[in-house]
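Here you get one chain, nothing else, as structure tokens; it is the form predicted alone.
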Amino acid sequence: MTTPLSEILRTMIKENGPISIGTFMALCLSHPQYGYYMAREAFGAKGDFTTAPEISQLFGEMIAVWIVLSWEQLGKPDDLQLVELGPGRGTLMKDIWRGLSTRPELRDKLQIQLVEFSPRLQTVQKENLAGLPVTWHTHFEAVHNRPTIILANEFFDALPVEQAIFHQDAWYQRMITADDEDFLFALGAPLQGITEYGMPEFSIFEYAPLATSIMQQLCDFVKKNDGALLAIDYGDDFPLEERFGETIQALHKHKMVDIFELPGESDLTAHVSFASLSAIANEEGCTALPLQTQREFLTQLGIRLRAEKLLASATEDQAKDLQLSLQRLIDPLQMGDLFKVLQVYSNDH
């Protein structure tokens, strides 16, 4: 199906040759005029996917509990700031702010920094977070230097990835070209950095240079300023030398579609390599705690107890919605085990 962005991509390929998968993803998601996050509602029933904060207030309330625990581990700094990367509609931060109401000694001094590149989403966030002490930035580089807790919920999965493909005993960058009707995969330049050989023909290795760079930047910031990072996303913890196969997928109106079908009008994501993120954190001198599933993390923080408290005063319909929401968040067959949680601290707090 033709979209405004697909025509732009065709022209680019015709004039300059094949583009990398990372370039394709980046343009599909963040083209200034036709990028997915720039031009359309992505979240909730009207969008293409539903994030944990949109499912239930329980999620944000548990993150608030984690923030309090982390603040205490960091020695209760007076000048703590809370940074969220890619805050969506602001739902998570709104729920966190309410959850922190029991700790006024923290909330009254807390400064919120939101990193959001989409002007449309910034407008939505400003409406939903009116009255909160929020500063917006389009890039992380603008975030202030002070003790910081960074939240990255479903952030890394939306970063562009690259792919290598094994052909005739060598690795090549996987590229995207186009003919008169379709986008097609193509072989690019040979790659030297992958050490696995003797693979089946056309094996694929997926790597994430932008995620690597951003993780290094975040961990360096946390290390220098004292703080913590919480990354929650769908992904895996396979060792890098075993992580073969492609994970890029496209979602449109809550259904899977081909990644070439609706450029700019479907959400593109890829599984996060948590083994890579953990290794980067440790290399940067931070402490990455053992990876947990979302089910383990939320249960440990007391999500079942909080749900029981809410159920005690809920109507029949509210109780049904609450139970379904809890199930979606922690059921192993839903988000519970597919989503992983990485906690990183500036030192051995």
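Nothing here was measured: the structure is a model prediction, and the numbers come from that model. A residue's number is simply how far along the shown sequence it sits, counting from 1.
From this point on, the text means the form predicted together with a small molecule, which you will not see here.
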Q. With the partner left out of view, is residue 121 within 4.5 angstroms of the small molecule in the predicted complex by any non-hydrogen atom?
A. yes
Q.
Can you tell me if residue 56 lies within 4.5 angstroms of the small molecule in the predicted complex, counting non-hydrogen atoms only?
A. no
Q: Considering only heavy atoms, tell me if residue 278 and the small molecule come within 4.5 Å of each other in the predicted complex.
A: no
Q.
Just checking whether residue 155 would be counted as a contact of the small molecule in the predicted complex - the rule being heavy atoms within 4.5 angstroms.
A. yes
(Q) Only one of these stretches, 191-199, 162-170, 82-90, 249-257, has heavy atoms within 4.5 Å of the small molecule in the predicted complex; which one is it? (A) 82-90
Q) Any chance 37, 51 and 115 all have a heavy atom within 4.5 Å of the small molecule in the predicted complex? A) yes
Q | Position in contact with the small molecule when the complex is considered in the predicted complex, options 102, 145, 138, 73, heavy atoms within 4.5 Å | A | 138
